[in-house]
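This document opens with one chain alone, in structure tokens, the form predicted alone.
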């Protein structure tokens, strides 16, 4: 009886099965990785601004406290975007005729605020309160990264739910004394676990169950 299938058919069948499994695996990897990539999270993406404001110059070089511009960070959910008058407190004297600061002067003259591009943006279904974190000993750099080294501002963290939960499950890893909250050079010491436990008790940090409850962030 004549052979119905060519002897290469077995190879083709095995190869096709292997290729289908590989393609399914790659598709799964793409589906898993894409939402976590900078393409979707905007991590490390520099935003174009109406004025190329340098945090490195103002915070790192000049030592301006975060709270001078972000006045609401200790008392409200929103850290606050400084009004043009805050800029003019200095720039009515310093670099007062610099061409690149003309949009700032025009904003001050006209009373029309500068339209800054938001760098850190959480979904509308996520509730985040700056003041509770700051007042519980979570430093600015823990979320925003080394701002004092950023010539142009970028999003240092992924801001994914898993990133938030890593901290909420073990807040002691980032807790620091309140005097160091705006210290951009703060580094966790070797005994951070011990210090973190003590500060968690001192600041009355809620239990892991409460911190990871859905209603804590989704209200």
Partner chain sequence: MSSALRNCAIFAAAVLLPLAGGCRQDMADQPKNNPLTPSAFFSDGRGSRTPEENTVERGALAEDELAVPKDSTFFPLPITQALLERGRERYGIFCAPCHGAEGDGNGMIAVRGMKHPPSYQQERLRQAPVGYFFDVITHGFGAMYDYSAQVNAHDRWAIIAYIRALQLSRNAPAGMLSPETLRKLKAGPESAPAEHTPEGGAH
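Positions refer to the first chain, counted from 1. What you are looking at is a predicted structure, and each value in this text was computed from that prediction instead of being measured.
One more form of this protein should be noted, the form predicted together with the partner chain, which is absent from this view; the next part is about it.
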Run the contact test on 120, 165 and 191 with a 4.5 Å heavy atom cut-off to the partner chain in the predicted bound form and return yes or no. no
Only one of 183-191, 166-174, 41-49, 58-66 has heavy atoms within 4.5 Å of the partner chain in the predicted bound form; I'd like to know which. 58-66
Classify residue 128 as contacting or not contacting the partner chain in the predicted bound form by the rule of any non-hydrogen atom within 4.5 angstroms, answering yes or no. no
Is residue 101 close enough to touch the partner chain in the predicted bound form, meaning at least one heavy atom pair within 4.5 Å? no
Interface membership of residue 124, the partner chain in the predicted bound form, 4.5 Å heavy atom rule: yes
So, in the predicted bound form, is residue 85 in contact with the partner chain at a 4.5 angstroms heavy atom limit? yes
At a 4.5 angstroms cut-off on non-hydrogen atoms, which residues of 86-108 are near the partner chain in the predicted bound form? List them in order. 86, 88, 89, 90, 92, 93, 94, 108
